[in-house]
Every structure is written in structure tokens, then in C-alpha cells.
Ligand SMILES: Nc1ncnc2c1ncn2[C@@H]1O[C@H](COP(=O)(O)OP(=O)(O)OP(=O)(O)O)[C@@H](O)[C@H]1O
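First, one chain by itself: the form predicted alone, in C-alpha cells.
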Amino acid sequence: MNYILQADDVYFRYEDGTTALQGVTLKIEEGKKTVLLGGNGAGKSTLFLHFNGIYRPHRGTVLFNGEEIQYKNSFLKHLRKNIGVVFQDPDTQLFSANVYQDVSFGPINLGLSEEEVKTRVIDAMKETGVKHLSKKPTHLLSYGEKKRAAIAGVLAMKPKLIVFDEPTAWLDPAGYRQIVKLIEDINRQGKTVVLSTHDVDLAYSWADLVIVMKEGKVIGQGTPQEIFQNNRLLSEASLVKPWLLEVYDKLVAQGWLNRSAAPPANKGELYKLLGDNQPPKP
């Protein structure tokens, strides 16, 4: 396996003495979809800021493409070109007068030609559906538009890996679907995607790997099926089962399905399981 990003026994504490990470070890496989789950204070956002070198571990190492991160300007510039972070609140990321200027900020700072900057910006705005907003002031965008503009700014850098911190938070259903589809499309292009979320249904149906954190530690990792059928782990992390698994368990208990059938990963698989099985005899 090719691991694009690794954390090895990472510890970090803030200046006020708060310990945020306690021996975090994990591996992110290139091209895959990884979800970090955990409550507030689990350390997810702090860990993300280690991925692109904004924070430096007090102990342990972070590696990109097998190379330990070096905290000098030349290496960090290379790192941040290849690892983009989309923050939970887009207002912390958008600062230019209009959408076009904001999306172009990163490519300009890479020293690219004017033509290359323009191409990247237009492509990124098209991909995120904000091209028609290119001249609109960022502070006048809707929340969903701000989210997509922030993602466009990261895409314009053409990173190999994109980290999304709670990308669906505070979105209405239409905005939720739009962002999830956009992230899925980004991954289909070959980019590695890591996201944090409180949405267990999204984690279960979307991820290749789920990593569970609590109080700055990794307390479990595995496939969505492995994680969400581990009742002890769910209880320890104060997580609930996705609705698909709850329905599946109920159908098994009532005799509609055999436990040997693999749990459905999405609604389509659930409907197929139901279609392949006859209702129990009265």
C-alpha cells in the first residue's frame, strides 16, 4: 500500500497546557476516502493542522509521501501545495474582495504565469459551481456558496490530498447533497480525501476507512462495517449506529434477512437485499 500521509506517535499540547493529541498513530492510503469521527475535543481539527505543518508535534512525527515533514519555508511551501485544508467555517478562509480574487490567491503565490492562474481559477470555479459568482463579494455569498468558494480556492492549488473539516456542518439538505457529491467527484479524480464529521450515516456509506478519536487518542480504525458493528467501540466513543445498520439489525431480528447477508452500505444495497428476500411466514 502507498501511504500518502502518516502520523507516528504524535503528541501536542496548547500553550494553556491543554493536551490535544496523545500518541496519535495513523496511516492515510493514497487515493482513498478516510473519515475521522469523534466528539468535540477529540483532537480532529488539531490533527488536521499538523497535516500541513501549521502545528508542529511536541513529540512524534508526521510524514508526507514517506518523508518526515521539515518545518522550514521551502518544505512547508511544497507541503501546502500538495495538502489542502478546507476549514469548517468558510469565513476563516475567504478574505479577498470577490470570489475570483480569492480563488486566485493560492496559484498567484505559487509564482505561476497569469495564463496558468486564470486557467486554474476558472476550472476550479466551474468544478465547484461558483463560476457565475466570480465577481461577487465573498461576504455577500450564502453559506453554501462560501463553502464551495473555499473548496475552489483549494482545488486551484491542485493538491494531491484535501482535508475537509466538518464539510457538511450547518448546510440545508440541498447544500449537503451538493457538497457530498462535489467531494465524491474530487475523489474520483484520484485525489486522496480526508474529512472529519459527526455524521455517522455519511461516514458509513461514504468512507473506505474510518478512524475514531477520543480525547486526543485513536481508539479504533477499520472499514465502516468493522467500526459500526463494534458496539463496545461505539459506546466508548459516544457514537450511534447509522440508520442503515439499525434497520438491517431490526430486519434480521424479525426474520426478514439472514445475518449471513453482508450489511448494506447504502440504500440501494438495502433495497436489493429486501428484494431478494421474501417476508417471514406468519
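Fair warning: this is a prediction, and the values are worked out from it, not measured in the lab. Residues carry their position along the shown sequence, with the first being 1.
Same protein, other form: the form predicted in complex with the ligand, not shown, and the subject of what follows.
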TODO: Mind telling me which stretch in 238-246, 23-31, 36-44, 220-228 gets its heavy atoms within 4.5 Å of the ligand in the predicted complex?
DONE: 36-44
TODO: Could you tell me which one of 166, 123, 201, 145 places a heavy atom within 4.5 Å of the ligand in the predicted complex?
DONE: 166
TODO: Identify, from the list 88, 93, 101, 82, the residue with a heavy atom within 4.5 Å of the ligand in the predicted complex.
DONE: 88
TODO: Report yes if any heavy atom of residue 18 sits within 4.5 Å of a heavy atom of the ligand in the predicted complex; otherwise report no.
DONE: yes
TODO: May I ask you to state whether residue 14 is within 4.5 Å of the ligand in the predicted complex, using heavy atom distances?
DONE: yes
